[in-house]
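Below sits a lone chain in structure tokens, taken as the form predicted on its own.
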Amino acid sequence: MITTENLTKRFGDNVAVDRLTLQIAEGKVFGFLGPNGAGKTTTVRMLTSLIAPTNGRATILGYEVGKDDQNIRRNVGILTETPGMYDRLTAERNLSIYAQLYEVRDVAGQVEKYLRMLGLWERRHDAVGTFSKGMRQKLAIARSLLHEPRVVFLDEPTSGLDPEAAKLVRDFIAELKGEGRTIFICTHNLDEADRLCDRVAVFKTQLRVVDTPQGLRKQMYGRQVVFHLAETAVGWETAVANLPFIKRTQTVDNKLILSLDDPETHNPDIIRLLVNQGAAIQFVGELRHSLEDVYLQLVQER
């Protein structure tokens, strides 16, 4: 669906995107994560045929960037980081203009559909200049979908939205995925990426790593189980350290933290050993690291 091979963009001596190679399957939500200035927006602009790459190649829906640019623009939707609108025109008129440019057959029907879906129908006759930042963001999302594109690029889709509106947009993205569309999201909201994305990439000029959110956590930390004991855990660390499936052990006050690959299989063995040696186990839980933990460690280490 989306492929890149050594995709590179230079601005003079500055390399904004360096030899990016990716494959994104159809119908997936792909998160593109990185700090400001990492080259995320430049990548989106290349993939949507708004700017030309310096080297390498990319294809969208089988169309090649630089050769089939009109077909790419016709078949993708894009929400830019700072979307522009005609402030003196109404929300309805703004969308109607873009629907006509995309040669949408039922202009009025499509405009109404997306204004209703994004909670803006009651404000359809109001000038966009009177809209809040969040309302403008939702209108820009609607604009990117009027022509029912199979691939959608969203650059910070929930930026400036209050929690209720952000949830509406997240639910909307999940609905688009359910329709089989491919969605490419640039975001700084790592909790949002964790919940929405099938796979994520950490990017800073060069690609750092690509995996599922759960796979990234496993790469960085493995799986960690916390045994909460009635007394200090120090005395019990030695008892479990020699078990063949234990990779690392750690104690913090009355918590015994063990790293292992398959807790579902091995937790009963650990519990039996600790109980037989007199440990009083209060409860057992798995330590879950956030995607933010993984992201920060990857960016700092590399």
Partner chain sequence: MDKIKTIVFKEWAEVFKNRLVLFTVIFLPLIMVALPLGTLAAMGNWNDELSQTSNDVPDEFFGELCEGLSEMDCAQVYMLDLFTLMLMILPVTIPVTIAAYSIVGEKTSHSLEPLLATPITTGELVMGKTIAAVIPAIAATWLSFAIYLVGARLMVTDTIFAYLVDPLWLIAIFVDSPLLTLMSVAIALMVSSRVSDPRVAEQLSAVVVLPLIMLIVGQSVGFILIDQTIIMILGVVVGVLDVVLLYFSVKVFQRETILTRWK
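Numbering follows the first chain given and starts at 1. None of the values given here were measured: they were computed from a predicted structure.
The following text describes the form predicted in complex with its partner chain, which does not appear among the structures shown.
Checking 57 to 65, 272 to 280, 252 to 260, 43 to 51 against its partner chain in the model of the complex, the stretch whose residues place heavy atoms within 4.5 Å of it is 43 to 51.
In the model of the complex, at least one heavy atom of residue 84 sits within 4.5 Å of its partner chain.
The closest heavy atom approach of residue 101 to its partner chain in the model of the complex falls within 4.5 Å. The closest heavy atom approach of residue 238 to its partner chain in the model of the complex falls outside 4.5 Å.
Although the partner is absent here, residue 93 sits close enough that one of its heavy atoms falls within 4.5 Å of its partner chain in the model of the complex. For the options 97, 145, 229, 166, the one in contact with its partner chain in the model of the complex, meaning a heavy atom within 4.5 Å, is 97. Out of the listed residues 188, 208, 73, 223, 73 is the one that sits within 4.5 Å of its partner chain in the model of the complex by at least one heavy atom. For the stretch 4 to 21, the set of residues having any non-hydrogen atom within 4.5 angstroms of its partner chain in the model of the complex comprises 9, 11, in sequence order.
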